[in-house]
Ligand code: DGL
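The chain that follows stands alone, in the form predicted on its own, written as structure tokens.
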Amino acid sequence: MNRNKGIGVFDSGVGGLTVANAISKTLPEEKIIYFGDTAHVPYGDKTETQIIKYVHNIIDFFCTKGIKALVMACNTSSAIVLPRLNGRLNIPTLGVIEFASRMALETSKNERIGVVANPLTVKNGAYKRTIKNISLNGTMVFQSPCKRWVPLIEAGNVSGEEVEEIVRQDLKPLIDSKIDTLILGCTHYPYLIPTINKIMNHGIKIIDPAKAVAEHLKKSLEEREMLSNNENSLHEFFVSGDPEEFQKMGSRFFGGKIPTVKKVEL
């Protein structure tokens, strides 16, 4: 396989750009091909059947691009679809849940971990299962479904009184449970970290899995001798919804201007 092929990264919207940005910083010579399924955002209010259909269509799209690795920068997809792939892809395929869980277990001192995620990810219970499978000490996991967070972020609302009140309401059960570690169970949520920090005890550690995913991806590519040697790789961005809106929002969240966004009908 050509080592200079792209790395596919996808999410329901702009949230996965936090992971794409971490990959770009960790592997600056790699080409990222990003897909935002903005026509269907948020995934948290969809059924499992819908999510499976969306993700398989996205995978079909990436197959046409000839990628060398795939990153599900989406907790819902990682929870629902990744376990069902059954070896369909013969390239490294990474989700975010395992890495976030391991980071949280390494960080927590009182073995009380909180998870904020969309309702479907919470209902699926992937974080609880993963943490309990890894932990040897009976770590307790407390979850809070945050159905309003992604729509706020996709609309560019990440601060202010209204946002703070919504975040405060959703964090209260976790604060009351005396957690010392909080997993951001959606790649959109890092945009709310300043607001979360205002509300939560500063002793509570926040886990954003983006960097861990990027580091593991680097290790996987190194083991396969698939690291790019192209210093002039140009990232590509695709969406299923409005490309202009994604470009405007995405450039702010990616940490650099996104020059071109193309719409794809799946």
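We number the residues from 1 along the sequence you see. None of these values were measured; they are calculated from a predicted model.
Keep in mind that the form predicted together with D-glutamic acid (DGL) is not shown, yet the notes after this line are about it.
Val150 is the sole member of Val167, Ala126, Val150, Ile179 with a non-hydrogen atom within 4.5 Å of D-glutamic acid (DGL) in the model of the complex. Contact with D-glutamic acid (DGL) in the model of the complex, defined as a heavy atom within 4.5 Å, holds for exactly one of Val115, Cys186, Val71, Ala104, namely Cys186. Look at 232-240, 53-61, 25-33, 40-48: in the model of the complex, residues with non-hydrogen atoms within 4.5 angstroms of D-glutamic acid (DGL) sit in 40-48. Contact annotation for 229-245: no residue has a non-hydrogen atom within 4.5 angstroms of D-glutamic acid (DGL) in the model of the complex.
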